[in-house]
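Heads up, the chain below is alone and in the form predicted on its own; it's given as structure tokens.
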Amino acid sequence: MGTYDYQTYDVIKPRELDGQRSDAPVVIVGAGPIGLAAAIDLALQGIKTIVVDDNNVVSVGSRAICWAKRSLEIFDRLGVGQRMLEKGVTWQLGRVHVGDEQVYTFDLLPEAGHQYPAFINLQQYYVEQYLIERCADFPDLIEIRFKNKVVAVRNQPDQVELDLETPFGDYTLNAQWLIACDGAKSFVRDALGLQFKGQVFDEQFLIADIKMEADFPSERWFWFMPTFHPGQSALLHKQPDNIYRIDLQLGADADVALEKQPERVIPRIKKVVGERPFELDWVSVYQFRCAKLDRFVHDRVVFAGDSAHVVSPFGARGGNGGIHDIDNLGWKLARVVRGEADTSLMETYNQERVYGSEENIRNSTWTTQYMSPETSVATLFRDAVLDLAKTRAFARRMVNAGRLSVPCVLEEFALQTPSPAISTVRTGQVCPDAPLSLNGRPQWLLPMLGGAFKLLCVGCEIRVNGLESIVIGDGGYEDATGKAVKDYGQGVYLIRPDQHVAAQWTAPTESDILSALARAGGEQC
């Protein structure tokens, strides 16, 4: 099994074993998508990192495959978005079936004017490969140490110490900060005696990636109680390389070892796709949790991705939520390391991303409970809704086959300056994209924002020393389709490095802007 050409990465003797020391202020544990994204984001801010991982190959199996528009926008800022888009399978339409009858469809991106689609499907091993290759663009800022296994963590008031085992011998590594991106079974989390709190679901699901030639469209197909899998649910996604992901609900009492056997899997898949030829590429059985840490920042150790929170896979909120963590974390940690903000700025990462994970867990739990009702009353309600959805539009809105990943709005948190909205764009929201042009050359808005604090001026022009201004209209960029003015109205926006709106005004003074900038940058934390 397996169509992807797995390559092993070089394992290099750590310099500490030759008596040298590293000057990297940040160590990242875990070379998955979240840890690698963190290293690149910090490198773009000029911060050195060492990434350690106990393996030297990308993840085995497709694992996370659904990457949402917001994550693609973040990946674009990190330098791999277009490569992911070119390889991935683009989709925005979902179909929901009850039995064998389609009851409704949904469009996740019904309007034009966005650089990236609603979703792409792309196997996690490709994402990791692209990120590793992007890390090589920063040889002086990113060092990846494969086959370096963390065996002890000592969290101290002003630094972190790690003990590591390698093929060349054991050593100790010191850093100002540690970012734990080592997954749902995080060693770092266990080493600090921290525990997840949340719900474990008894229900078990089979994942089967199959390679086959088929004319299935690039859509998300979900079934409640199909005839090919009676009484359970099923999901179908198309991936690159003629790989199709099939999820099949198995029930709480399924024998994991038995259900993973090809002689058990193949007949199930034939019931879904018919007698067309296919081959198994990867098979797994999983039982999931919706849980998180109470806090994501513990002195000098910061948790991100699955080491901080886990959700069910329905809704694509796991990998996407982890990328949102890094988008929020990178610029804040860089400001702290550079001495531009106090360590208290890290508390805003904790507050904002705990909130984001709670939103994801709430949606994911709701989906899971709908798919696998825990009581007879809940089952009756679910089945009644599904029956009504065949003929009633109001019931279709109640069907929950996975509320798909969207970024959270940070309006109520400390870094944002409260101000009346001047458009449909809320303070704390991610900036919507828009097609622009300058001297006849097309340009997307969003890539011009982010990476640093900037002013977005729509229909006006304001200059503040030390802040780049992006001007739309009034002699600046042309609003190619009218979408920018439709979304933003006319006024001035202060944009955070992670492309969230920190403040907005119709006619601000320089003092207004500088005060909001100090607040958003953590100078008032």
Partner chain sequence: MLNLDYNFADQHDQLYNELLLLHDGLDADQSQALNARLILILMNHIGDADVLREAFKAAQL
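Numbering follows the first chain given and starts at 1. Values in this document were obtained by computation on a predicted structure and should not be read as measured data.
Form predicted together with the partner chain: not shown, discussed below.
Out of the stretches listed (223-231, 348-356, 272-280, 395-403), which one is close to the partner chain in the predicted complex, meaning heavy atoms within 4.5 Å? In the other structure, the partner sits against 395-403.
The partner chain contact at Asp163 in the predicted complex, heavy atom, 4.5 Å: No, Asp163 sits far enough from the partner chain in the predicted complex that none of its heavy atoms falls within 4.5 Å.
Although the partner isn't part of this model, could you tell me whether Gln369 comes within 4.5 Å of the partner chain in the predicted complex, counting any heavy atom of the residue? Yes, Gln369 lies within 4.5 Å of the partner chain in the predicted complex.
Proximity of Arg83 to the partner chain in the predicted complex, heavy atoms at 4.5 Å: No, Arg83 sits far enough from the partner chain in the predicted complex that none of its heavy atoms falls within 4.5 Å.
Does Phe106 reach the partner chain in the predicted complex if we count a contact as any heavy atom within 4.5 Å? Heavy-atom contact with the partner chain at 4.5 Å: absent for Phe106.
To verify the annotation, which of these, Ala452, Leu438, Ala378, Ala214, has a non-hydrogen atom within 4.5 Å of the partner chain in the predicted complex? Of Ala452, Leu438, Ala378, Ala214, the residue with a heavy atom within 4.5 Å of the partner chain in the predicted complex is Ala378.
Of Asp241, Asp255, Glu340, Asp387, which one comes within 4.5 Å of the partner chain in the predicted complex, counting heavy atoms only? That would be Asp387.
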